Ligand SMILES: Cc1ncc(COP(=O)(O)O)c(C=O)c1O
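Single chain ahead, written as structure tokens, the form predicted on its own.
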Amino acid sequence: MRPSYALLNNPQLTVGIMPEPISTNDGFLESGPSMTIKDECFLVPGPVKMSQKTLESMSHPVITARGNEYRDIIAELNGLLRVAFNLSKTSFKRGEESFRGDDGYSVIVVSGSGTAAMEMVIANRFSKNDQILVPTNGKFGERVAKITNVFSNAKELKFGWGKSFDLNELENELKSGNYDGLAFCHNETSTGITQNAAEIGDLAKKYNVALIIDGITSVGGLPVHPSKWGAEAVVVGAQKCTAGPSGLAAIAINDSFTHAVKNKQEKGDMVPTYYLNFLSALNKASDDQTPWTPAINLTIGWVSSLRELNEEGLENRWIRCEKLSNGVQRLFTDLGFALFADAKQRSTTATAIVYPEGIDDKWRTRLAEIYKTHVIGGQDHMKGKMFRVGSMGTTTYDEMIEGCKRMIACFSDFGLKLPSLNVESYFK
């Protein structure tokens, strides 16, 4: 038997030894599934499965973007987003500035993906006169670095995919006094790791730099504390932990962010923006509107999914996502698989699991086509070497348990001999 791929390439991982597949011959895969298959299991870490109620809400008849009916929708959306961002609660009613709270934070809806929202934050807050530190340990952190470098001067501090940030190294950079901002991806779904945002926030406060957080896959799914961490801006994508439709995002910004942007405008130091101009969006938010034609039916769908989050309770959702991910991680570890991320900071909304020797994404294809179960593969240099299981949105215990059983059965189809385990017991 040989150690798994992750053990060979990441000596920090503490894992068991994965048994080799007994065959690499595809001939035995011509038969159907080795278990009864009914409904689909959708365990992708975004876009996540939307509820039937959310899907139905998006069939709402066409309405104008400037009438009171839609302004009512935006007012409620703003109030519900404040719940998801873990900010102080406000009214959900039109005309009562539901976007702005007494904690100094406001929320802005963006008709675009989370990447568009991150671009809006960076482009409006910084310029080429600013130096921004961007620590990374996965693909989406690297994207933050790329966006930041377009509009300012980014120094990317690479810690390696799936590796925890070295906070001493971060502090050594910041103590130089050369930086105006610190930006990072809070929950890195490409590698299944979550950063220690509280300690990073303490460093940002200590060295008086603006803290910008990509919370696209953490807001609404795991603990996020914008005010406690001192974040100037936090971004969320609708299609991730809040189980809304793709193509929408939102930003939570504090008064310090707003003041800095206005100051840059007065000095003529702002990067030119039009569609993603923050001040235009903030001005319209006070009237329960967006500056440009919004994604009307998508926002209606997001209201529906955020109502479900509010009904479940934000902390209850955090707990459910954590229990789901813990079950997946313990189960696959006991089966002999290696988890990709450092053990002390594994994500509770996405788990990255390394394939054993001799198995690649052919397994994932069969899992989808034969077992009607969907997970997602690795990216860039990890493509074909691992798969990722989402535990976000409204995923139920029953769906996760069934999905794990099908994954195990599919691995058996590839000749992998695994121990017999009680899957249900891992999710109690």
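Just so it is clear, the model here is predicted, and its values are computed rather than measured. Note that residue numbering begins at 1 and tracks the sequence as displayed.
Keep in mind the form predicted in complex with the ligand is missing from the figure; the text below concerns it.
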Legend entry - Q289: touches the ligand in the predicted bound form, heavy atom cutoff 4.5 angstroms: no
Legend entry - Interface membership of S113, the ligand in the predicted bound form, 4.5 Å heavy atom rule: yes
Inset, instruction - Answer yes if any heavy atom of R125 is within 4.5 Å of a heavy atom of the ligand in the predicted bound form; otherwise answer no. - result: no
Inset, instruction - Find out whether any non-hydrogen atom of V107 is located within 4.5 angstroms of the ligand in the predicted bound form, and reply yes or no. - result: no
Inset, instruction - Let me know the one among T191, N78, S325, Q239 whose heavy atoms come within 4.5 Å of the ligand in the predicted bound form, would you? - result: Q239
Legend entry - Residue (of K163, R143, R100, K284) lying close to the ligand in the predicted bound form, criterion heavy atoms within 4.5 Å: R143
Inset, instruction - Pick the stretch from 261 to 269, 306 to 314, 220 to 228, 114 to 122 whose residues have a heavy atom within 4.5 Å of the ligand in the predicted bound form. - result: 114 to 122
Legend entry - Interface residues of 47 to 79 toward the ligand, as seen in the predicted bound form [heavy atoms, 4.5 Å]: none
